[in-house]
Each structure stands twice: as structure tokens, then as C-alpha cells.
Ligand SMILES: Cc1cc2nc3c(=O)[nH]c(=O)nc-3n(C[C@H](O)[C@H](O)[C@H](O)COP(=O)(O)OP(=O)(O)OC[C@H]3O[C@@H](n4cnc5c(N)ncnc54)[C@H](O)[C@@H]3O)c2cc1C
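Here's a solo chain for you in C-alpha cells, the form predicted alone.
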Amino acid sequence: MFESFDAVIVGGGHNGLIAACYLAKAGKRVAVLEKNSEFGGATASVYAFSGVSAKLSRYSYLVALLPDQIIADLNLNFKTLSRKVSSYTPHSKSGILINRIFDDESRSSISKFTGISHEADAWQKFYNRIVEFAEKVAPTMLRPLPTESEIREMVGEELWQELVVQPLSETLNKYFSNDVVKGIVLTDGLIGTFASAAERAASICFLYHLIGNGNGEWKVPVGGMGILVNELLALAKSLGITLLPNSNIQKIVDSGEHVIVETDSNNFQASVVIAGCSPHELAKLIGDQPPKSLDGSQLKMNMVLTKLPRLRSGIDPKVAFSGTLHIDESYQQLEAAFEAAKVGQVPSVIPAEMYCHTLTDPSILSDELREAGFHTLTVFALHTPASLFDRNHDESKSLVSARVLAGLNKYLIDPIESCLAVDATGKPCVEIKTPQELEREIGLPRGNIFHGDLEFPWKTNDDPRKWGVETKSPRIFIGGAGAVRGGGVSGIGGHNAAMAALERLTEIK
């Protein structure tokens, strides 16, 4: 016996829920199957520390790639806040402060630090070029996949050569002279991607991080990332979507006329299936060979602090931590860390970046913690691929964590350990997630936040795919981060899979 639906969604993360809501709004009967007891996946918010009333976005943090159109289409009450500070990079007793709106303070900070009068001009020119590219490409993200030729003509030959054809390393060397400045820019090509600046993967990752909504601004989700999940779940319930947590899926079979989804307790029949899970997980479920991909490369730390630490550079901590704080992320430090990790060595200096959610949005803290001056801190360590943790996982985790914290402490007057709150059992409020733990807990293959190798958000001229969500089966679509244009907390994969599924449902009828 099968329960029948127009569409079954496998995976109840934000992409799966977005796909379900678009389908249900189009009048389709939809079920969402989630293996865990709670929906949300990487966008869940949790009270991570016993007795500490701070609700953390445990796995994801800022929002840039989620199109405003999706929020408007689904009428979601999900708000984000701009940060005045884009980034601060400490270095000995000085540093570089970049405000979100590039101003005289930003210009002066670059010039004073580098001693190069034209470096600030180069910064402004380069990011104006990025905005020019983003304004043209971002609107295509929720449309059928454009061809390479179409995008090339759209952005022009000069931008195409600078941002697509030539390696990111070459472009950075063309614009910038200072090693630290080049590193600040390069970090956007490395979050979640294990690559050298000279490799194609860094160029692709860089573009994804800077084209969101046509301006690339990274914003703070009010109330934490879990608010997005709450809004989607409320909408799903109002639309009559069947939500089934604790669904352990055993097999997915395309019979030719329907897709059968077998779980350990129920069987479902659907005209189409959207996989909000990774392509690796889908391959296992349909009995195919899982694709090979790059290791995920980030170690993530969540902390609750009783106070913000003072910095040796003398900058106000409320300024330094309100944007993205870069630690040991000069160009040469990033490249050296990559080369060490590539041959299986834990880098002696581990680049990392961090930010404080509560300086922009204190609502994730209880009134008591806010009044006491508590804050949260989110840390991402770069070039810490899953391969570093394959042998002696716990020992490697301890070593990497210690080096990340030591790297941060070099720039602090107050060691970060002295600022940590303690939970109800007296343990410091710091949790650390390796790529292996990210795979086990939220299904990221090898900890890869993009579920696989990133592709540019367009296709070759002879690629038959329409939306970039297609699989071997005409009834099964990839709707998660593994779709073309699906990476990050964007919802784009879910939206595009829903559009492809609606077209297929129309054809079937």
C-alpha cells in the first residue's frame, strides 16, 4: 500500500521546505520526509549549552545568497540586519577596518596600514567591478540556467576575463600590492572550499559569496537562522503540506510511471521527488555510485562569552567583532596553510574568521544575559579539510582547535578562554564541529557545505539541463546545496527544483 502525493520532498532543511511551499502554493499535494526529529538541517537554531539561554545558529551564520524574491513570494516574516562594519583585520598593534559602505574611515585605514596611497583606490575599483558583475548575474539565479555565452555577453569581455577566465590569484595580484589586503579579499573564495587561490574552485566560490541579491552584502538574521525554518514550517502547515519527521528512508525507485519512496515504516508514491539531501545521499538511496567531491574544509566553533575580549591593536571590541574579524588571513598565510593541509599536515598557523551575532542582533540572548553583557562568537577555521581528521579524529580536533584559539589570542589582551561563559555543569561554553561531525549531524558529505564541487552559475552551450537540478531520472530533482546555484543558505536550489518539478507535473498531465 502506498500513500500518494504529487511530490515527495526528501529532506526538511530550508531548501526542501522552500520547494514544498512553492509546490503547495501551486495546488500540489506535497509531503516532506525528514530523517531527524526536527526540521531545519543546517539552518536550525538551538540552545547549545545547558542552562545558558543563548539560541545559536549552530551550523550557518550570515545571509547573503537568499534572494529577496523568495522571501516576498512566500510572504515570510524573516528579517535581516545590515552591519556597519564589513571586516576588521588585526595585525600586531594596528589593523585594517573596512566599513560596509566604503568611506573615508575605510580608505584611511587601508592607506595607513599599507603605506601605499593607491591601495584604497584599488579596493574601491575592484569592488565596484564586483557589483557590476553581481547586478547582472544575480537576477539569473531564479531563472532557467543561462548559458556561458549568454553570461559572457551580459557582463562583457573584460569582466569575464578578470572574474571567470583568469585565476583569482592573478586578478588579486593585478589589483593589489599588499599581502594582507589580498588575503582579506581572498577569504571569500575559500569559505567552505579547500583550494589554492590559483585554482578554479576558489574563483567559483568567490563569485557565489559576492553576488547575492546583486550587492553581495552579508546580513545578520534577526532571531537567528532558525527563524527562517519556523516561518517555512508555519507556511507549510497552513498550506496543508504533510510534514513527517523521523522518516528513515531506505530506497527511492523510479518505476517509470511513479517514484516510490520506501521508509522503514511507510511507503510513498509520487509523480516527482525532490531531494533536499546531498547528491551523495540521493545516490545511495537510488542504488547509484556516489559522486566524488572535494573535502569540506572548515572547522566551526560556537561560543558564548561573558564579555568581549580587548584587542592589542586598541580598537573597540564592539567595532572589531561586529563585522568579520580576520585572523592570520594574509594571502601568504592562506596559501601556506593550504599547502600544508594538502599534504596531510595541520597548518602551524590556521587562518580563521569570526563574528559576533549579538552586537547586531541581541535578541538571541535572554534579557538576563543581555543585561549582564554576554555575547556569542562564531568562528570558522579555513584550510582544515576532512582529511586532517580521518586518523585520530579527536586528537586532530584538539590540536586544530588549540591552534585556532592560540592564533586568536595573539591579537587579544584578554585570552579568549578567560571570556568564556560556563554552562550549568561548569563547562566552558564552546562547541567545535569538524567536517566529519558536520557530515554525521546534518549530512554534509565530508563536511562540504556545498554538497560537492561548485559549478559556475551557468552551463556550457551544449548542456541540456534547464534548471541545473536534473538527475538521470526525469522524475527526480536535486533541490539542495548540490544543485547548480544551490550552495549556501540561499533557497535557490529549492526554488529551482520546484520550478522544474512543476514543469514535469504539467507534462505528465
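All residue numbers refer to positions in the sequence shown, first residue = 1. Computed from a predicted model, the values in this text were never measured in an experiment.
Not on display, but discussed next: the form predicted together with the named molecule.
Participant: For L438, is any heavy atom within 4.5 Å of the named molecule in the predicted complex, or not?
Facilitator: Output for L438 is yes: heavy atoms within 4.5 Å of the named molecule.
Participant: Would you please decide whether K466 lies within 4.5 angstroms of the named molecule in the predicted complex, comparing each non-hydrogen atom pair?
Facilitator: The answer is no: K466 has no heavy atom within 4.5 Å of the named molecule.
Participant: Do E34 and the named molecule share at least one heavy atom pair within 4.5 Å in the predicted complex?
Facilitator: Yes - in the predicted complex, heavy atoms of E34 and the named molecule come within 4.5 Å of each other.
Participant: So in the predicted complex, is the named molecule close enough to E281 to count as touching (4.5 Å, heavy atoms)?
Facilitator: Residue-level check for E281: yes, a contact with the named molecule.
Participant: When the named molecule is placed as it is in the predicted complex, which of 444-452, 468-476, 46-54, 23-31 ends up with heavy atoms within 4.5 Å of it?
Facilitator: This holds for exactly one stretch, 444-452.
Participant: Work out which of F321, W218, F338, F176 lies within 4.5 Å of the named molecule in the predicted complex, going by heavy atoms.
Facilitator: By the 4.5 Å heavy-atom cutoff, the listed residue in contact is W218.
Participant: Exactly one of S255, Q345, S398, N248 has a non-hydrogen atom within 4.5 Å of the named molecule in the predicted complex; which residue is it?
Facilitator: Of the candidates S255, Q345, S398, N248, N248 is the one lying within 4.5 Å of the named molecule in the predicted complex.
Participant: Which of the residues spanning 11-27 lie within 4.5 Å of the named molecule in the predicted complex, based on heavy atoms?
Facilitator: The stretch 11-27, when checked against the named molecule in the predicted complex, contributes G11, G12, G13, H14, N15, G16 at the 4.5 Å heavy-atom cut-off.
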